[in-house]
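As structure tokens, one chain now follows by itself in the form predicted on its own.
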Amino acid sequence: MKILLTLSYVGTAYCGWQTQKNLVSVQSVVQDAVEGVFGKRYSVTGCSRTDSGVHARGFRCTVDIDAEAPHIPEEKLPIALNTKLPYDVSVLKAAYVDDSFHARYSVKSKRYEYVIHNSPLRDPFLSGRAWTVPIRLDEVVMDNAAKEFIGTHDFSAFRAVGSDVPDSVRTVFEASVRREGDMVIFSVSANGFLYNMVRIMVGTLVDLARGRLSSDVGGIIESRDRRNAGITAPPDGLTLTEVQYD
């Protein structure tokens, strides 16, 4: 039996989701909380490997429990686990699922949002939560460019240098840019993402809006060359907002 958890967390204080030696990860504090509630350190598997400083509002992970685990009703599990978690990580929901369910491989789509604070004045309340870009960005130009991400493409040009994932083909279902006052928000959903893919998408859209790139998004995708895309945006503004299964 497994328990599917839905998490919300601010990733500023963590090295990312995945456990790393001598560093504090979201996975490790969730495992600590599970051990505190169940009295045993069970395996915890995440739906994704969010990077250092990246946030989540709908992260999903499973806890592999055994027959020795005490049965705690689904509606009481979030409260029990939250008493053991730090203030910047919270369990929103819990559900018992079958052993065949896999938090990562059963995913059908993921959605990310990236927030740009488009203002010449920095806001201390957005520190670690948005990327401040002082020069005015044209959100219409960015939105039109974002639409070119939609479809099934080889996104080699939009993955970090050194990434060794053999298959770089992904299907983007939706991509858009909107403005809400001083906030420019990029939203994208896909069946999966390469390492740093969303942050490179954002950096490319910003560089296109500022006239720093000579090619459009379609041409950059066709080139399959990371050197033709824009900068890698900082992790601060990135949030995993939704993970969908069948």
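Numbering starts at 1 and follows the sequence shown. What you see is a predicted model; the values in this text were computed from it and never measured.
Form predicted together with another copy of the chain: not shown, discussed below.
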{"query": "Candidate stretches 160 to 168, 115 to 123, 147 to 155, 95 to 103 - the one whose heavy atoms come within 4.5 Å of another copy of the chain in the predicted complex", "finding": "115 to 123"}
{"query": "Joint contact, Gln31, Cys47 and Lys110 to another copy of the chain in the predicted complex, by non-hydrogen atom at 4.5 Å", "finding": "no"}
{"query": "Another copy of the chain: the contacting residue among Asp138, Asp88, Glu74, Glu174 in the predicted complex [heavy atom, 4.5 Å]", "finding": "Asp88"}
{"query": "Residue contact check: Val184 to another copy of the chain in the predicted complex, 4.5 Å heavy atom", "finding": "no"}
{"query": "Non-hydrogen atom contact Arg212 with another copy of the chain in the predicted complex at 4.5 angstroms", "finding": "no"}
{"query": "Close approach of Val10 to another copy of the chain in the predicted complex, 4.5 Å, heavy atom", "finding": "yes"}
{"query": "Residue contact check: Arg57 to another copy of the chain in the predicted complex, 4.5 Å heavy atom", "finding": "yes"}
{"query": "Any residue of 60 to 85 that, in the predicted complex, places a heavy atom within 4.5 Å of another copy of the chain", "finding": "Pro78, Ile79, Asn82, Leu85"}
